[in-house]
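Only one chain is shown below, in structure tokens, and it's the form predicted alone.
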Amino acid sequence: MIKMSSNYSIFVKLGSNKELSKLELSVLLKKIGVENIAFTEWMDYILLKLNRNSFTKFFKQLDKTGSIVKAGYINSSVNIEKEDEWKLKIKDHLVMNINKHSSDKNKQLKVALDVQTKSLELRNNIVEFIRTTITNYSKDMKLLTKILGIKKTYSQLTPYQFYKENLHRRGFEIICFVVKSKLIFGITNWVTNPLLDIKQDEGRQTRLFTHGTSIKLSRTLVFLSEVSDEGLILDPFCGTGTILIEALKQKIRTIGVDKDPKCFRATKENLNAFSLKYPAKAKMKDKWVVYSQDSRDLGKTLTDKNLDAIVTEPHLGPFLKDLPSKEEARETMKSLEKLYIKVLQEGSSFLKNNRKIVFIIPVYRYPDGLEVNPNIERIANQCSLLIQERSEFFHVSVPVQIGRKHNVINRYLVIFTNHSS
């Protein structure tokens, strides 16, 4: 990996929602104590440098994120015009990693390629050189090497393919891309594992289609709350308990509230099943509690000002197949705004000072460009909250849109902070 002035170069691949990924990456860097960062954004990637201490912490935090795709080390970079030089460096890089991942007992190896360039001709030239180098060296070393990820117009594996091919145990992934006339290459060190999410989803005891937040989004929401181990979060619209489970996986204690009897039962069943996966000494069942009540009356349940965050995807209005009339939309959003104000007034009174509220609001977007949604500024003012407007790094404007733009109900991720007493 590149080491300059005690700094280590890494790459991060962003998810399909780049702004959400950059927001999450910004929180990650803040968590590990980074105050200033030099970075380059190129296509779906962020290239940055970290000192030794931050570098070690960085990779330990990635499993807690939900929208980042993969990350790894940058080993070297070279002027793309100097073909003999970059070919020599890539060859050395490939040989080193093949030797590292093979042995007398392991003669079967898988190598994946992630080669990203704006020029298809250049991309094919790099891919062909790598493929030939791997094939020839494997033949010399009597290795059975399978090369993955080569397509006609692109070369990369999805995270699902990465784990289905067992690449994290039986091989490695080489990454190459050209930025400002520099050919940069390295090795992938971490990839988000969708197989774990699929297994978790299939293991749910109870599902309610209209009351569930996705696992990946739940993980992101919890991470953005910036709550540390053994902290305490509240989800006042807990649905089927996905946000609570993602918090528990991050060693955060949880309180769930939902007035819908079906949701209350679903959450308890899912949390009980989740708790049984842990040994008795972990005392997982002592780290969560769920209440069946109206979230506008949180004072009936909560007594101490001990919450570290509120994290929720609240009730978003009626389930619709088509956009309502604009008048119906305004009435719906007006009603939801009143609900959110009451819940956040109650909930924020139990928050410790300067803590986060990670909240999703709905929006109806019409073909003429009109957007109808609860008024975020009015919610903040009536609840004595501050609205986060930008991320610490990467210039991300908040709120951030999440979900698909063509959905009937679109959603925005909002982050509030309560005032100091």
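Being a predicted model, the structure only gives us computed values, none of them experimental. Sequential numbering from 1, following the sequence displayed.
Note that the form predicted in complex with a small molecule isn't included here; everything after this is about it.
Only one segment in the set 212-220, 140-148, 301-309, 68-76 has any non-hydrogen atom within 4.5 angstroms of the small molecule in the predicted complex, and it is 212-220. The candidate site formed by Gly171, Glu173 and Val191 is entirely out of contact with the small molecule in the predicted complex, as no residue has a non-hydrogen atom within 4.5 angstroms of it. Put simply, His315 is close to the small molecule in the predicted complex: some heavy atom of it is within 4.5 Å. Although the partner is absent from this view, Gln293 contacts the small molecule in the predicted complex, with a non-hydrogen atom inside 4.5 angstroms. For the chain shown alone, Ile233 is not a contact residue for the small molecule in the predicted complex, no non-hydrogen atom being within 4.5 angstroms. Contact check for Ile245: every heavy atom lies farther than 4.5 Å from the small molecule in the predicted complex.
When you look in the predicted complex, the only residue of Lys91, Lys249, Lys182, Lys259 with a non-hydrogen atom within 4.5 Å of the small molecule is Lys259. Distance criterion of 4.5 Å from any heavy atom to the small molecule in the predicted complex singles out Cys263 from the list Leu109, Leu271, Cys263, Val227.
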